[in-house]
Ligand SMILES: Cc1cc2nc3c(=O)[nH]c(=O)nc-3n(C[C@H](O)[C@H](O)[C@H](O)COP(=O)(O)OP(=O)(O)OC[C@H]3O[C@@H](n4cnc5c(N)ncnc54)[C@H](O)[C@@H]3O)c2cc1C
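First, one chain by itself: the form predicted on its own, in structure tokens.
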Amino acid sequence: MSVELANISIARPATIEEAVALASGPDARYLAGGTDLLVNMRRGITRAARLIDLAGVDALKSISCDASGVVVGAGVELARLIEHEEISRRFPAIVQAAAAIAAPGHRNVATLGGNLCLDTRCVYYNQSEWWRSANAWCLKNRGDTCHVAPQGERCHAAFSGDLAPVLLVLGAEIEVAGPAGRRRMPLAELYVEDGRAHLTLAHGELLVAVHLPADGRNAAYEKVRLRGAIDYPLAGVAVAMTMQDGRIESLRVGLTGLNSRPLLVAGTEAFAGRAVDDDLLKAVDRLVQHQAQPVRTTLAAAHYRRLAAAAVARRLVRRLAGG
């Protein structure tokens, strides 16, 4: 059963400053591709009295590349990321992640910023209005109990964006515009471990750009999903690694689909100077399993998702070492 989208006003700003000014009301939401937001609104999960349509804000759709780095507007569509020659050359893992998102029709309209700000998901939350009401709602939507962990005090809905773990391992920073002006921060600071409120954006703040380093070629992304296409990750893993004389110089591992935020695995700096052998791969496996915290937010068992994440991390480390 869907909910009628009636009595919603739509504003169409031409600049970032206009968009921020229009979003001052308590029931205003930014609209980019709408592939997540509009579905949730039709299900009665998300409500808004005003949508700020960002399609006409050209400043959000730029891609600039130079020797010092790359800046990608948050409004750049995933299809453009995949097709962009310089992005493909410098950051193949970004293309891998973007190409794994949904279907071609979605990627033509879904945006970089939208995927980074994707709402968290749960098998008890992403349901119809009727289904959720029959189950007494949940902590994330009008209820007071998390059905995943009824004895707990927080929502365990999982973040499932594919691009965030890649950008985390690449050391990306984001630029945010809001009523108080603009600020720039590491991407990791956008997220907190809370399924109900996993973004640190203040009301009216808008993600406007992602700042990337000069190069990120030795990185890769893979995800495990129920279907071979058009599906969210049960476990998504990004790895960035550099080698020197056959030994690890730097190693970073990012995870998605497991916790309520995308996670940059801690402790990988301890692997510097080590060869990529069976002992190293086992250590990576243990580290990923220890920090991944999947719970029953999907139809797949949490333990399977943890093991799958560790297995993919091992595979990517071995592949990148060989490359």
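Quick note: we count residues from 1 along the sequence shown, nothing fancier. Predicted model only: the values in this text are computed from it and were never measured.
Below, we turn to the form predicted together with the named molecule, even though it does not appear here.
Taken together, the three residues 91, 172 and 270 all stay farther than 4.5 Å from the named molecule in the predicted bound form, as judged by their closest heavy atom. The single contact residue among 251, 78, 168, 219, judged by any heavy atom lying within 4.5 Å of the named molecule in the predicted bound form, is 78. The contact residue chosen from 235, 72, 239, 118 relative to the named molecule in the predicted bound form is 118, the criterion being a non-hydrogen atom within 4.5 angstroms.
Only one listed stretch (199 to 207, 241 to 249, 81 to 89, 181 to 189) carries heavy atoms within 4.5 Å of the named molecule in the predicted bound form, and that stretch is 199 to 207. Contact between residue 100 and the named molecule in the predicted bound form is found at the 4.5 Å heavy atom cutoff. Put simply, residue 39 is close to the named molecule in the predicted bound form: some heavy atom of it is within 4.5 Å.
Contact check for residue 31: a heavy atom falls within 4.5 Å of the named molecule in the predicted bound form. Taking non-hydrogen atoms only, residue 54 approaches the named molecule to within 4.5 angstroms in the predicted bound form.
Residues of 225 to 256 that come within 4.5 Å of the named molecule in the predicted bound form, judged by any heavy atom, are 225, 230, 231, 232, 233 in sequence order.
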